[in-house]
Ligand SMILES: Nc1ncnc2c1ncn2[C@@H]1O[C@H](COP(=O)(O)OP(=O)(O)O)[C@@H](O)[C@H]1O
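Only one chain comes next, encoded as structure tokens, the form predicted on its own.
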């Protein structure tokens, strides 16, 4: 079992899109995958068509685990668009305050995930901040994957994230940076190329995924319909890009 947090301080860079479609790509290749939504905005949950109020979400099991009640994260597991999902809800916004005084609060999600050894990959969609929820995700993870829109403000967000990431590594010494995925990418745009070159200068070239996710309206349309891109239309550029990204992702573990 490998646990991967998908994180970035900047919103709108493709974290949720990457989590959903990478999970779907892995499932299509026969891997057993679980998605966990720890963002109070619940974008991943809603993007998979779960739009009604969630009565049982990650919030309930985090709270129970924190206060010593017997629980299992699978108690709130649902299937959405053919994917196993631990959903989020707006209630999760209150978790920060509720967990503030709990001893070992950074480890709560780790304890919930530990028994889930039947999964090959667990992908965690994180909030766009270094909140207690993000810290829980990173402490429970083996790797962090950073989607990055190829513009300069998102690049600044990455630098800020990585400064905080150094502190998280003191809590979880095994976590490693898996790499950066450039999203909404257009090779014709000078700024996109410049951001890619900046990343290659700052980090080793093998830290930037060779697969770039091109700008593609079908990706947004798929989420609006509550589907992954392969279910929505496997012939789109979005499907081709995420299929290639899935293969490259798996090659990192060979």
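Values in this document were obtained by computation on a predicted structure and should not be read as measured data. Positions refer to the first chain, counted from 1.
Just so it is clear, the following notes concern the form predicted together with the named molecule, a form of the same protein that is not shown.
Within this chain, residue 34 is remote from the site of the named molecule in the predicted complex, having no heavy atom within 4.5 Å. In the predicted complex, the named molecule stays beyond 4.5 Å of every heavy atom belonging to residue 207. The named molecule in the predicted complex comes within 4.5 Å of no heavy atom belonging to residue 56. Looking at residue 216, you'd find a heavy atom of it within 4.5 angstroms of the named molecule in the predicted complex. Picking from 219 to 227, 198 to 206, 60 to 68, 23 to 31 the stretch near the named molecule in the predicted complex, with a 4.5 Å limit on heavy atoms, gives 219 to 227.
The partner is not shown here, but in the predicted complex the stretch 1 to 25 reaches within 4.5 angstroms of the named molecule through a heavy atom at 10, 11, 12, 13, 14, 15, 16, 17.
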